[in-house]
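Just one chain follows, in the form predicted alone, and it is written as structure tokens.
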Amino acid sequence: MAQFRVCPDSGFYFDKSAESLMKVNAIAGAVSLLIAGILAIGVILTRWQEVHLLPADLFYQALTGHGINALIFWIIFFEIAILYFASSTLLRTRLAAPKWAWLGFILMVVGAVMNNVAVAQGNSSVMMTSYAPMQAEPHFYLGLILFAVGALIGVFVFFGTLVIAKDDQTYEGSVPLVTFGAITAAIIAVFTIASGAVILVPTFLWSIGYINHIDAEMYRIIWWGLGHSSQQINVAAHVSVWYLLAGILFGARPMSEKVSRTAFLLYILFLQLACAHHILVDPGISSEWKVFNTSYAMYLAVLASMIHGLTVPGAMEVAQREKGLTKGLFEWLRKAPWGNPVFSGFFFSLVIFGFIGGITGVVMGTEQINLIIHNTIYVPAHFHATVAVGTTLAFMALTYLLIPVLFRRSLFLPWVAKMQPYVFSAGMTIMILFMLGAGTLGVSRRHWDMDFTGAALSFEYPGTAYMMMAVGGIGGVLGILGGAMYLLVTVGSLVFGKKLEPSAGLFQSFGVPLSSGSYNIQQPERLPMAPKLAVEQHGSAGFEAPGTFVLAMALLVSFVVYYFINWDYLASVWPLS
């Protein structure tokens, strides 16, 4: 018989098995983020040419480990925890097959450790993309395969939990929007992991000698079905977190649930196709495929993100205005709880993802402009805006909410937590903007030495490029400091934070359930559908979010100006008459 507890502060229900799995997955993600952050120091201080910290072999080793831990292990561990939360907790139901869920977690941990060991041994410095014909050690690929299998088990446990909730009728009508977004992430995850299996299994067999050749072009095409689509899991997951935090912080409801759900469906149908921007310069792919993916299909995926970018702050504004914050366009935003790291982290995530990540993503997805920025440092600048800030900062904000709710501990050093989103956002934004500028000047994406010391054919970048990489390096160091602040607060809270539950000891912080007396609810009450706002029911109710509309117009103007600046730059380097 499943056992539940209810959090007295939030009202969230936690299944005993699901609670432990959420904790261990979140902690494993934090460990991966720690490793990624340590390795990021070497990467940043090497690309900062005046420092140039690491020799070539150690740089590529650090870059490989950083990319895999930051973009795969940290993110997916945390997302599995979110899937269990969005199904078991939000639907107030028991977790399906907890033993299988633990097996999935163990496989993920074993795979992550195995992959990191392979990188640390020094013979697998093939970077996250691990392009053939570069070959890593067999346990490099095997680690990724085991991790993917474990994550897939977690996804199926999530789907099973949805079935149990439906059978037990723990909710009425459709699942909540946050759970719907998590379903979107899980569906994309199945596609992503299938793409990984299609290419990583043969590559593993190649590494042990059972296959004598992997076609490089085929590898790139199928690998990006894994590499880029895994970032689309992130988008669906962190957008779901946005809706969750807006609802918790402000009591905000979506301006139109139907529109928001439709946007999530557009993600399923079109978002994975955005991987095309990584292979637009590959000669073996037809022009028709490139044109379709970088125009009609990509625009529908962008439309989905624009919908979320309007409805999330719009819902916030409507909720704030209903509380009387109606002066001018932005009183609702000025008087938001900026001292709460849950809000500041969430809002910075939304703005940086939209204004920087979204705009640069569309620019990179334009086939002609892609020619001048492909494989430059512009590309990692873009995905640091989308994943390292958009996703990571949303997950950090959610952590500050869950430490007292899930772990039943008070935040350690709350003043550090209060400053952390500002330090992290400022540092990463500086790094991203100056990396974008350096990439526009042609600075290469992965080369460890901008001076090309000892190269037979040398090349000298303009002095502005060196300046931009230096300022970007300063921003990167500041961003690492912000990440360290997050880990300090997180680990400190689990170990030293004030207990909000008498049985919330050290072991309970790392996955051991609370005392049996805490789980005293056998069958949670049914979860009703959220009441509809007037703006959902009456199209003539008037425009309720003028401030959000102004922000949306600012985004549009920024995009148009930046887009045509890039076309002008293309014309200057590729003259046509």
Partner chain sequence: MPEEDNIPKPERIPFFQRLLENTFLLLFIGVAMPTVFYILWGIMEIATIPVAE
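As the structure is a computational prediction, the values presented were derived from the model and not from experiment. Positions refer to the first chain, counted from 1.
Same protein, other form: the form predicted together with its partner chain, not shown, and the subject of what follows.
- In summary, among the residues 218, 506, 426, 455, the only one with a non-hydrogen atom within 4.5 Å of its partner chain in the predicted complex is 218.
- Think of it this way: in the predicted complex, its partner chain has a heavy atom of just one of 110, 265, 208, 467 within 4.5 Å, and the residue is 265.
- At the 4.5 Å threshold, heavy atoms of residue 159 reach its partner chain in the predicted complex.
- Heavy atoms of residue 386 never reach within 4.5 Å of its partner chain in the predicted complex, leaving it off the interface.
- Under a 4.5 angstroms non-hydrogen atom cutoff, its partner chain in the predicted complex has residue 261 among its neighbouring residues.
- In the predicted complex, at least one heavy atom of residue 286 sits within 4.5 Å of its partner chain.
- Just one listed stretch, out of 189-197, 329-337, 246-254, 302-310, contacts its partner chain in the predicted complex at the 4.5 Å heavy atom level, and that stretch is 189-197.
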